[in-house]
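Shown below, as C-alpha coordinates, is a lone chain in the form predicted on its own; questions about how it binds or moves come after it.
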Amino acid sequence: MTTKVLPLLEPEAVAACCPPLSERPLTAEEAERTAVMFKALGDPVRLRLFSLVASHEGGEACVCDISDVGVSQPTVSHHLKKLREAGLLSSERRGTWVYYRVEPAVLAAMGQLLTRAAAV
(Lines give C-alpha, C1' and ligand atoms only; values in the text may rest on other atoms or scores of the structure.)
Protein backbone atom coordinates (compact mmCIF):
# COMPACT_ATOMS: atom_id res chain seq x y z
CA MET A 1 0.00 0.00 0.00
CA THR A 2 1.36 3.39 -0.92
CA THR A 3 0.66 6.39 1.24
CA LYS A 4 0.22 9.80 -0.29
CA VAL A 5 1.58 12.48 2.02
CA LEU A 6 -0.53 15.59 1.91
CA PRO A 7 0.90 18.96 2.89
CA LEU A 8 -0.50 20.44 6.07
CA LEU A 9 -2.26 23.72 5.55
CA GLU A 10 -1.85 26.34 8.19
CA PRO A 11 -5.22 28.03 8.46
CA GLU A 12 -5.24 31.80 8.65
CA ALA A 13 -7.05 31.54 11.97
CA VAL A 14 -4.09 29.71 13.46
CA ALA A 15 -1.04 30.97 11.60
CA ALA A 16 -1.15 34.44 13.11
CA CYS A 17 -3.67 34.17 15.87
CA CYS A 18 -3.46 36.46 18.78
CA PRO A 19 -1.41 37.80 21.65
CA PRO A 20 -2.19 36.68 25.19
CA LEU A 21 -5.57 38.03 26.32
CA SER A 22 -3.89 39.85 29.20
CA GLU A 23 -1.46 41.68 26.89
CA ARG A 24 -3.96 43.91 25.08
CA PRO A 25 -7.52 43.83 23.80
CA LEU A 26 -8.07 41.76 20.67
CA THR A 27 -8.77 43.54 17.42
CA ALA A 28 -12.07 42.74 15.72
CA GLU A 29 -10.26 40.52 13.20
CA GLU A 30 -8.35 38.64 15.91
CA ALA A 31 -11.53 38.12 17.88
CA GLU A 32 -13.30 36.79 14.79
CA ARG A 33 -10.52 34.28 14.02
CA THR A 34 -10.29 33.17 17.64
CA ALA A 35 -14.05 32.81 17.99
CA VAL A 36 -14.07 30.33 15.09
CA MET A 37 -11.72 28.02 16.99
CA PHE A 38 -13.54 28.28 20.29
CA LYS A 39 -16.98 28.01 18.67
CA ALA A 40 -15.94 24.71 17.11
CA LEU A 41 -14.83 23.48 20.54
CA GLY A 42 -18.01 24.75 22.20
CA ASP A 43 -19.83 21.49 21.50
CA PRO A 44 -19.08 18.70 24.03
CA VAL A 45 -18.86 16.02 21.33
CA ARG A 46 -16.42 18.12 19.28
CA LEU A 47 -14.34 18.88 22.34
CA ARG A 48 -14.19 15.18 23.16
CA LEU A 49 -13.21 14.27 19.58
CA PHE A 50 -10.54 16.99 19.59
CA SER A 51 -9.20 15.65 22.90
CA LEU A 52 -9.21 12.06 21.62
CA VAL A 53 -7.17 13.05 18.57
CA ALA A 54 -4.81 15.34 20.50
CA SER A 55 -4.06 12.71 23.14
CA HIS A 56 -3.86 9.72 20.82
CA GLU A 57 -0.54 7.90 20.66
CA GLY A 58 1.58 9.11 17.75
CA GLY A 59 -0.28 12.41 17.46
CA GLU A 60 -2.87 11.13 15.03
CA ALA A 61 -5.95 8.94 15.23
CA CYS A 62 -7.89 6.81 12.81
CA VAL A 63 -11.58 7.62 12.72
CA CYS A 64 -12.12 3.95 13.54
CA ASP A 65 -10.42 4.52 16.93
CA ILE A 66 -12.31 7.65 17.98
CA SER A 67 -15.88 6.99 16.83
CA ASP A 68 -17.21 5.74 20.18
CA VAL A 69 -18.35 9.05 21.66
CA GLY A 70 -22.01 8.23 22.17
CA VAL A 71 -23.34 9.51 18.84
CA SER A 72 -23.91 7.88 15.44
CA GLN A 73 -21.14 7.60 12.85
CA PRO A 74 -22.71 10.25 10.57
CA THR A 75 -22.78 12.63 13.54
CA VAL A 76 -19.12 11.90 14.30
CA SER A 77 -18.28 12.67 10.66
CA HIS A 78 -20.22 15.93 10.86
CA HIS A 79 -18.36 17.04 13.99
CA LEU A 80 -14.97 16.09 12.55
CA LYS A 81 -15.82 18.11 9.44
CA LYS A 82 -16.62 21.15 11.60
CA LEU A 83 -13.28 20.77 13.43
CA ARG A 84 -11.47 20.57 10.08
CA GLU A 85 -13.30 23.63 8.75
CA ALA A 86 -12.27 25.58 11.85
CA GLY A 87 -8.64 24.66 11.16
CA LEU A 88 -8.30 22.62 14.33
CA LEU A 89 -7.74 19.24 12.66
CA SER A 90 -6.22 18.03 9.44
CA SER A 91 -7.03 14.72 7.84
CA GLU A 92 -5.54 12.19 5.46
CA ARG A 93 -7.27 9.26 3.77
CA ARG A 94 -5.37 5.97 3.89
CA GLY A 95 -7.24 3.27 2.07
CA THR A 96 -10.74 3.14 3.51
CA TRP A 97 -9.88 5.00 6.73
CA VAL A 98 -9.33 8.66 7.46
CA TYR A 99 -6.66 9.69 9.96
CA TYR A 100 -6.89 12.95 11.89
CA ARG A 101 -4.24 15.03 13.60
CA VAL A 102 -4.30 18.24 15.58
CA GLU A 103 -2.39 20.97 13.84
CA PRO A 104 0.65 21.78 16.03
CA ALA A 105 0.14 25.49 15.40
CA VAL A 106 -3.37 25.20 16.84
CA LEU A 107 -2.23 24.07 20.26
CA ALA A 108 0.53 26.69 20.26
CA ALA A 109 -1.87 29.49 19.29
CA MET A 110 -4.52 28.46 21.81
CA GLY A 111 -1.92 28.10 24.53
CA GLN A 112 -0.41 31.50 23.75
CA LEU A 113 -3.82 33.13 23.79
CA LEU A 114 -4.65 31.76 27.22
CA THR A 115 -1.29 32.44 28.89
CA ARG A 116 -0.49 35.51 30.88
CA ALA A 117 1.53 38.19 29.11
CA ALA A 118 5.10 38.49 30.31
CA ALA A 119 5.73 41.42 32.65
CA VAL A 120 7.74 44.15 30.97
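Model, not experiment: these values are computed from the prediction. Sequential numbering from 1, following the sequence displayed.
The same protein also exists as the form predicted in complex with the DNA; that form is not shown, yet it is the one meant from here on.
Contact check for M110: every heavy atom lies farther than 4.5 Å from the DNA in the predicted bound form. Taking the partner from the other structure, the DNA in the predicted bound form has no heavy atom within 4.5 Å of any heavy atom of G59. In the predicted bound form, the DNA sits within 4.5 Å of a heavy atom of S77. Within 4.5 Å of some heavy atom of the DNA in the predicted bound form lies at least one heavy atom of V71. Taking a 4.5 Å heavy atom cutoff to the DNA in the predicted bound form, the contact residue among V63, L26, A54, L47 is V63.
Along 93-108, residues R93, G95, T96, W97, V98, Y100 each place a heavy atom within 4.5 Å of the DNA in the predicted bound form.
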